[in-house]
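Just one chain follows, in the form predicted alone, and it is written as structure tokens.
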Amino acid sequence: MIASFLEAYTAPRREIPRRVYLTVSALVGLGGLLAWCALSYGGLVRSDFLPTPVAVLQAGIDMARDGSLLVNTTASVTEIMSGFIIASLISVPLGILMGSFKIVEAAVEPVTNFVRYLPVSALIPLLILWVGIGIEEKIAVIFIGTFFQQLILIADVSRGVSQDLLDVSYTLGADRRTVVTRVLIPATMPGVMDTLRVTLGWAWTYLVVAELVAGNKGLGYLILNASRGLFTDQIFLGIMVIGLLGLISDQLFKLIRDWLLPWASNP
């Protein structure tokens, strides 16, 4: 029985029933919750360091009632989506050009490779001096943190399009514009969507860093403010809200990818 189970569900890249997939995911999540309950309710870890699930839930209810949770969540979502969308609107076309045309690569890649290795957190003091500590600073941090990473990854996606595919298009009579718009761009879009999905997760990290250093609202500010009073239930609440928002955005990207690019979806 065990051998047949392993043969059915552990073969590389083989599809498994949706029911099995959801069951395994639910069991792993339940296992994590049970471990958390065992450590907190069992007294193995002090409540100052690990709050109980009920304490975190109660903190969420209290902050939802006084409106602070909604205010902080709205601020973070607004900041991250503004910076991420601006970065994506520029990086996607520029990255495709950079990966497809050597003249663009020569002009853009050296600067990109230099800037993308700079720690974003080290730039925050300069950004505070230049744009202040308002929402503009948070958007700038997210833009810098994601734009240059997106640019390199999208350029690699574009560079990876098969040359044979382009040559066949030319052989069939397509001109340069048609090859770019009808062959090259559609071929890169699945990889581009995957890149945006990954870098959105990075953007949350940069946002929290920016709010921890300079912020008066947002989920990062909520976590920092709670840490000053050792309110670990609120710290856990902020972390879990960020994780939940990240999970929702990740699933939305999957749905959007399948909707916009049906030819690239798994069968």
Partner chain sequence: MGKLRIDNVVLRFTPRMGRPVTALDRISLEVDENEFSVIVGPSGCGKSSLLRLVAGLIQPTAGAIYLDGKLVTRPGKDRGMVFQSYTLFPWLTVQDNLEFGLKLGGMAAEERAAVARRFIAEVGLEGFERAYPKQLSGGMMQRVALARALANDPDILLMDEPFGALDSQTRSLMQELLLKIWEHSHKTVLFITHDIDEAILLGDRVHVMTARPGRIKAEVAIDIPRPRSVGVLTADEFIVIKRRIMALIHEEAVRAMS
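Numbering follows the first chain given and starts at 1. All values derive from a computational prediction rather than experimental measurement.
This next part talks about the form predicted in complex with the partner chain, which is not shown.
This chain is displayed alone, yet in the predicted complex one of 97, 124, 187, 152 has a heavy atom within 4.5 Å of the partner chain; that residue is 187. Proximity to the partner chain in the predicted complex, defined as a heavy atom within 4.5 Å, holds among 115, 89, 174, 81 only for 174. Shown alone here, residue 85 lies farther than 4.5 Å from the partner chain in the predicted complex, counting heavy atoms only. Not displayed here, the partner chain is kept clear of residue 157 by more than 4.5 Å at the level of heavy atoms in the predicted complex. Among heavy atoms of residue 170, some come within 4.5 Å of the partner chain in the predicted complex.
When contacts are judged by a 4.5 Å heavy atom cut-off, residue 183 counts as touching the partner chain in the predicted complex.
Only one segment in the set 71 to 79, 144 to 152, 129 to 137, 162 to 170 has residues whose heavy atoms sit within 4.5 Å of the partner chain in the predicted complex; it is 162 to 170.
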